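Form predicted on its own, single chain, as structure tokens, below.
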């Protein structure tokens, strides 16, 4: 087997797309450090919770109906929100849409990319079709994470200002995941990258008027990435320089792309373990300020009525994304509104799925959101996107001004969730959507935590339902 490319070998090759594709094609389970495997299992279980939480959501169910109407009525791959079976393409589509709905799927800070929503739908669907082992599923997922994260970093901050990175970089990440399970050669993997990259899409404009596009982005990134790999397996040719070429992704989607990021310490730096879990059910850009405010409230035993106004000191990326939502009209928009998130934190101490569903338009929340202001902060912006610092200034009705700061929001690698917390999160999310009963959830968790030991990946929800 060809050795995993290192920084030294990458420096001698001008085609970074080729180096990255070779890494993904040649990755083996034995090469992945134990801590990376353990973190990937954690990310897999976390993804299951977010995906099952999408059951019943109108945009998700709309995509599911399209899949049922258009795709086969039966097949080897499982749609998690209802346990039905279909082709891998349509299962990846629906599971990809579902995973990104409640805003609690994982995120990699440096790339501003949500890997699980596009990687695991493909990994599970193809593993079920191929009868792959748990080790093969995890290996494919790591390939997808490492590829997608590096592409997100490569495309840079200018890309994220207009493009939803999970839809763009995510399409190639999905292709890498599928290509690894299909055992593509490095040449064929590069073809898969080419076909995936030319389909990469996702624009932030949807957020301004509460459109449903975010679910479409992850649905199609997963499905199209899978298709790109399957086409490559059949000899379909893709562009060889789709990432860094003169008319590739960076040329059309970025003004600050850095090709060196694509091959940064491949096989030495495992970006998968840098991925953060999402504690609050809101846009990640709100989490640092939310945790900083909560810290001030808890330490000073404050009541919401004692707070006159809150200034959230943020990076420019937060202003670019959250600034589009001034008066949220839907639950989803509320999760992208700093004022609403901080209001919910002030009143309930946690911005979870139920808190948003039940209270986002309540009078006290609406009143408090008007007290919140975002301001650009040089220190926070310089640290972003590698570090997401939370800073708030809390002005009280008695004239005092309190300051809060969080350097690692809850869920970041240095402040991560334990397996017990991940299991609790999954239970809460499944209870929210009603996707499974309590006994089914416990069976699912028992199987999911042991995914690596499975000789053949079988049903997830269907198996849990039968066993229960």
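This is a predicted model, so every value here is computed, not measured. Numbering follows the first chain given and starts at 1.
Below, we turn to the form predicted together with another copy of the chain, even though it does not appear here.
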Checking 224, 165, 275, 139 against another copy of the chain in the model of the complex, the residue with a non-hydrogen atom inside 4.5 angstroms turns out to be 224
Single option in 392, 281, 343, 249 placed near another copy of the chain in the model of the complex, where near means a heavy atom within 4.5 Å: 249
Report the stretch among 115 to 123, 176 to 184, 307 to 315, 252 to 260 that approaches another copy of the chain in the model of the complex to within 4.5 Å, counting heavy atoms only. 252 to 260
Thinking of 89, 205 and 242 as the candidate spot, does another copy of the chain come within 4.5 Å of a heavy atom on all of them in the model of the complex? yes
Heavy atom of residue 415 within 4.5 Å of another copy of the chain in the model of the complex: no
Can you tell me whether residue 29 touches another copy of the chain? I mean in the model of the complex, with a 4.5 angstroms heavy atom cut-off. no
If we define contact as a non-hydrogen atom of the residue within 4.5 angstroms of the partner, is residue 195 a contact of another copy of the chain in the model of the complex? yes
Check whether residue 65 has any heavy atom within 4.5 Å of a heavy atom of another copy of the chain in the model of the complex, and answer yes or no. yes
What residues, if any, in 187 to 221 have a non-hydrogen atom within 4.5 angstroms of another copy of the chain in the model of the complex? 195, 197, 198, 199, 200, 201, 202, 203, 204, 205, 206, 208, 209, 211, 212, 213, 216, 217, 220
